[in-house]
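Only one chain is given next, in structure tokens, and it is the form predicted alone.
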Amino acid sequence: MDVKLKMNQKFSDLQGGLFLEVTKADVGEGVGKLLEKGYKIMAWADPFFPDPAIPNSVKDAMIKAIEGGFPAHYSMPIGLFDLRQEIAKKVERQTRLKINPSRNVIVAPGSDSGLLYSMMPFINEGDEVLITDPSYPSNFLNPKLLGGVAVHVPLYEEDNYQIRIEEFEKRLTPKTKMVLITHPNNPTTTVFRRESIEKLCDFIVKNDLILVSDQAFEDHIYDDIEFVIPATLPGMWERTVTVCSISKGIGLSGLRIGYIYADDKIMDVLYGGAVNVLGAASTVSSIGAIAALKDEEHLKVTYERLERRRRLAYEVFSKIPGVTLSMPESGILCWLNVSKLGTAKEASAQILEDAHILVNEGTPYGFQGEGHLRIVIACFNDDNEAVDAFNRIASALTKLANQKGIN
């Protein structure tokens, strides 16, 4: 019996690496096998991996809670009230939106599940979702899992990956239901400028669409670039679902805490299905997240470390023959154009073979990702260890460039 014939067609062609090679680093056991061999992983968007990274404020709060015994119990499916309250305070500091922690915020066990859940109430069979390309791979898969259709809207390197609104307009159909963006963008690190966001929001309001804004990388934006949050613009609050995380900016990926904020008419539905879909976030992780959100000094220190790290990475990678990149504008990533050296698969394989480092091929990030690599430059606590890894990557790519006659 071919059991896949019994499956929902939206799921049946997913591959987890058991029978065919999978290029995504977060699928299957590939990363685990490389770690066993002593390879370094710079493909998970997990700051300071694999080194210790829990600030004392968070550690102390979690230990105290464990010693008291309370984390043995469920938190509410919508999240501990104290955590939702701290989230509301953070959102107000960032946006000046005064949101109600009991009406406008829900906690998810990570922003990945939050991202899928934020789309679930809206997508019917055949609905189209306009998604910037390149973008986070889940952005393209999630609509399919919900019965919708992912429509790729290209961003162009020559525009610094800013939005061309005409690319959205030409893909608009009667089936278009939603726009989905990752802002700042993963993998390019691009911060969409005010002009881009305003034009996009005008397009969304004019065509009566829903926006899901994935803002997992919002906490660290460099060079004083203005960060315009779509939910704050005219006509957008009632039609925007904003998805955030403590994984990237605060560097607590393993706690698996994300959150969503939105208008109460949207949130009422999300509250209603939370126990069925999200379950409840880990209680001890939630207590740690409360401490993390209160510790604004930790966020500042992390910003300084990551700002320094992106400069170190740019200094090394910008000297590789045939490789181009822009200075990262946000977050923990670098996006390299290696198309002159060959395919993304060739380039990543060379790095894996020579440097024993796993990086991301660009192809899962959309049609525009071919010929690119995504490198998580925030890995490792120590700058010297990071620079050593950068140099090993550069050496591997330089070897590939020499083989192609590029000097």
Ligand SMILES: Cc1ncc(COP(=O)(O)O)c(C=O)c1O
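What you are looking at is a predicted structure, and each value in this text was computed from that prediction instead of being measured. Numbering starts at 1 and runs along the sequence shown.
There is also a form predicted together with the named molecule; it is not shown, and the following applies to it.
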May I ask you to check whether T182 falls inside a 4.5 Å heavy atom distance of the named molecule in the model of the complex? yes
Give a yes or no for F217: in the model of the complex, does one of its heavy atoms lie within 4.5 Å of a heavy atom belonging to the named molecule? yes
Residue contact check: S196 to the named molecule in the model of the complex, 4.5 Å heavy atom: no
Taking the shortest heavy atom distance, is N104 within 4.5 Å of the named molecule in the model of the complex? no
Name the stretch, out of 291-299, 150-158, 246-254, 270-278, where some heavy atom lies within 4.5 Å of the named molecule in the model of the complex. 246-254
The unique member of L115, C201, I266, A88 whose heavy atoms fall within 4.5 Å of the named molecule in the model of the complex: L115
Could you tell me which one of P143, P230, G110, P328 places a heavy atom within 4.5 Å of the named molecule in the model of the complex? G110
Applying a 4.5 angstroms cut-off on non-hydrogen atoms, the residues of 134-167 near the named molecule in the model of the complex are Y136
